[in-house]
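As structure tokens, one chain now follows by itself in the form predicted alone.
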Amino acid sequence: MSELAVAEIKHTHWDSNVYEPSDDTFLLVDVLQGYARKWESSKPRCCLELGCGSGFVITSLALLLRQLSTPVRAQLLAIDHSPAAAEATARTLRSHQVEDVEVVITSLFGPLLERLQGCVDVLLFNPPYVPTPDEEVERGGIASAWAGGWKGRRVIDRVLPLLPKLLSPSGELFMVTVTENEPQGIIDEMKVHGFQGRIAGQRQADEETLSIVHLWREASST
């Protein structure tokens, strides 16, 4: 069975104000590439990337869904608080001839939260996970793409409580973490809210150990 293609770096756009695709980006896409054929049966209807940056991940997801033996036609959303990131994502999508992704500029889910409740089947999130002083989280600019505050969890801990209402009954999250974020602890914490989880992928990158946390509702299957 041939490997499904993902976005190409040569057609991906970013600048000094936008997070450049790196090891964490590539690990997340590798996990999605290996998992994608399971969506042939689950047929997600709404897929969303929170913090789309350069657009490499959401473009890859759109391409993966398109290549399945029974192509999945889902509503695709890419969200970022940065206008520069939104523009980079739009350019990356155009460079890959992907036209069915809505790019939205807002902080976290913003006004979309009510509209999306119970609807998101696939949520992708490469959060600002680097442990920093808390004040760096609010600095803005490119620092907001990586500064995560205490344990690198300031933004992560704002998103996790939203999952029970945001995700559909078969909804799942794929999220990048590092060791300091306590990825297994995140999985254990979410069990109380009716989620199962696993470490879907792991990679050493310089001094960081990157892990992809995959969460899904107990009633659904992976």
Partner chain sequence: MLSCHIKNVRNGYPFLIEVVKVSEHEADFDPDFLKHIFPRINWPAFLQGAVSLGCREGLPEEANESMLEDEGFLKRFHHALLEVFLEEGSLVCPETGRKFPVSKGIPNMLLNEDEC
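Positions refer to the first chain, counted from 1. From a predicted model like this one, the values you see are computed outputs, not experimental measurements.
This protein has a second form, the form predicted together with its partner chain, left out of what is shown; the following refers to that one.
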In the predicted complex, Pro133 touching its partner chain (heavy atom, 4.5 Å)
no
If you check in the predicted complex, is His96 within 4.5 Å of its partner chain, heavy atoms only?
no
Whether Arg45 contacts its partner chain in the predicted complex should be assessed with a 4.5 Å heavy atom distance threshold; does it?
yes
I'd like to check something about Ala143: if you look in the predicted complex, is any of its heavy atoms closer than or equal to 4.5 Å to a heavy atom of its partner chain?
no
Mind checking whether each of Arg73, Val104 and Arg115 has a heavy atom within 4.5 Å of its partner chain in the predicted complex?
yes
Counting only heavy atoms, which residues in 54 to 89 are within 4.5 Å of its partner chain in the predicted complex?
Arg73, Ala74, Gln75, His81, Pro83, Ala86, Glu87
